[in-house]
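The form predicted alone is given below as one chain in structure tokens.
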């Protein structure tokens, strides 16, 4: 099966430079049979970066894309608290650069107008949008979004797709929170590979709304691949989850940028 990984970061070790760390990430991905990796955020990362910081992190990703053009796909990291700077960075990295998606993390709740405006501009550029979400047993970070907030945003996107990062961590609640919003896709990355996660997602959402991701190097490729390989679902569903759904979302911008897939 083809495997495209929606959700990767630079390894925390393995070199002082972005190039050295990207080389390490790809060496490990090669051993696991992973064809393409979506890469976002630099190092050291920041939860609430100022514009100069997220620009610097995006520069780290941009620096490794030419060498690994057939393996890495870059997503631009933005902070909606700095809306104008984020929109300018979106233009720099996606409209006028090689990146194909947007990464939003924990600086600002995703149901705000600032995030909505950024997401709608990303959709105009055909970029794929990934929003981190979490339902925590304790308190979320001050600006951390939940799947319920993402579902609220999704209602205002005229059916355009958006990805629910981690399926909210507490995946049983996360799946239920996004189920009614057909334009929301579930990212499998980052939680423990417990039995039933992928099976419930397929049952409640349909296999065509689920995307494999690892959250490497925060999680291992092997533990996250096991969520799909070990799931009691048909091989056709596994093919959708491992690559076909992500390829379908990325296809318009890949074609526009002349990236072969």
Partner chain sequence: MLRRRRFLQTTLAAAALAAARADAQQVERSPLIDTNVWLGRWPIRRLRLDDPGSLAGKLGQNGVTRAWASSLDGLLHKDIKAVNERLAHDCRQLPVFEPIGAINPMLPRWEADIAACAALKMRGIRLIPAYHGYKLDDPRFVEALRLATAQKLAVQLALVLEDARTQNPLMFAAPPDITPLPKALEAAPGARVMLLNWLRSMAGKPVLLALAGTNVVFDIAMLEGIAGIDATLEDMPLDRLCFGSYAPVFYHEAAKLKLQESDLSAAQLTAITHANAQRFLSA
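Residue numbers count along the first chain shown, from 1. Here the structure is a predicted model, which means the values were calculated and not measured.
We do not show the form predicted together with its partner chain, though everything after this point is about it.
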Under a 4.5 Å heavy atom criterion, is residue 170 part of the interface with its partner chain in the model of the complex?
yes
Indicate whether its partner chain has at least one heavy atom within 4.5 Å of a heavy atom of residue 52 in the model of the complex.
no
Does residue 62 reach its partner chain in the model of the complex if we count a contact as any heavy atom within 4.5 Å?
no
In the model of the complex, is there a heavy atom of its partner chain that lies within 4.5 Å of any heavy atom of residue 44, even though the partner is absent here?
no
Its partner chain in the model of the complex: contacting segment from 151-159, 131-139, 101-109, 87-95, heavy atom within 4.5 Å
131-139
Quick check: do 126, 243 and 259 each get a heavy atom within 4.5 Å of its partner chain in the model of the complex?
no
Residues in 207-232 that come within 4.5 Å of its partner chain in the model of the complex by at least one heavy atom, in order, are 216, 217, 218, 219, 220, 221, 222, 223, 224, 225, 226, 227, 229, 230, 231, 232
